[in-house]
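Next up: just one chain, as C-alpha cells, the form predicted on its own.
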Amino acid sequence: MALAVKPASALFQKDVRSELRTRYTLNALLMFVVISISVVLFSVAGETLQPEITIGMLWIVMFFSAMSGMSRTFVAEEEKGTTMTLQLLASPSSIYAGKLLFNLLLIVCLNAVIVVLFLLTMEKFAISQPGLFWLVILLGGFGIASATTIIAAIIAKARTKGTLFPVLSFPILLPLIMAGISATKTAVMGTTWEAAIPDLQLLVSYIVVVITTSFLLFDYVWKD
C-alpha cells in the first residue's frame, strides 16, 4: 500500500483543528493526569518515595492517561459519519499515518506534562541522565501512540469501546512498559548509556514491529 503524504497531512491537520476547537480529548487527558497525581500525593501523605517506586508510578500514570483518551481516535469518525468519506478520499495507510501523527503529538505532549508535574511534586525524583531519560519518554510515547492507534481502529465499531480498549491495550503495551521502566531507572539512577542499550533496542524494535504490522493490517481493520 502506497502512503500518500498529502492526505495523511490533511487528516492530521483536520484532527488538530478539531481537537483545538472542542478540546474533548485534551481536557479529558489533562483532568485525568491532575487527578491521578493528586491521588498519588494524598496517598503518600508527605512521605518520600524511593526512585524505583516513583518511576513505576510515572509509567502507570502515562499508561492510564493514554487509556482515558486514545480510545476515541476513530470513534469520532463513526459518530460523525465521516468514515465512508475518509475511505473514499484517502488510502488506509494514509489514514493510519494521519491518525498516528495526531496521537503521537498528543501523547508526547501529555507525557512531557506528566514528567514535569512529577519533577515538581515528587521529592528525590532527580534525573541523572537527562538525554537518556527524555529519549526513553519519547520512544515510550511513540510506542504507545502506534499501538493505541491500531487498537482504537479495531474497537471503533464495538459497543463496549471503553471496556475493550484497556483490556486489549495492556497485554500489547506490557513489553513496552517494562522496557520503558527499566530504561528510565537507568537514566534516573545515573548509570551509563551502555546499560540502557538493550532496553532502547527493545523499544525501537517494538515501535518498528507495531507500525509495520499496523500498516499491513489496517486496510482489513478499517474496511471490515
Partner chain sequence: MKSKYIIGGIIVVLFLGIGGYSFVNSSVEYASLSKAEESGKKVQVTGTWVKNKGSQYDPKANTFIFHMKDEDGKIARVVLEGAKPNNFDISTSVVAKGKYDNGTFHASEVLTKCPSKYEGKAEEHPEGLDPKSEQAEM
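Residue numbers count along the first chain shown, from 1. Keep in mind that this is a model prediction, so the values were computed, not measured.
The following text describes the form predicted in complex with the partner chain, which does not appear among the structures shown.
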query: Is Leu26 close enough to touch the partner chain in the predicted bound form, meaning at least one heavy atom pair within 4.5 Å?
result: no
message: Under a 4.5 Å heavy atom criterion, is Ile53 part of the interface with the partner chain in the predicted bound form?
response: no
task: Examine Ser68 and determine whether its closest non-hydrogen atom to the partner chain in the predicted bound form is within 4.5 angstroms.
output: no
- prompt: Quick one: is Thr191 in contact with the partner chain in the predicted bound form, heavy atoms, 4.5 Å cut-off?
  reply: yes
field: Residues of stretch 182-206 in contact with the partner chain in the predicted bound form (4.5 Å, non-hydrogen atom)
entry: Ser182, Lys185, Thr186, Met189, Gly190, Thr191, Thr192, Ala195, Pro198, Asp199, Gln201, Leu202, Ser205
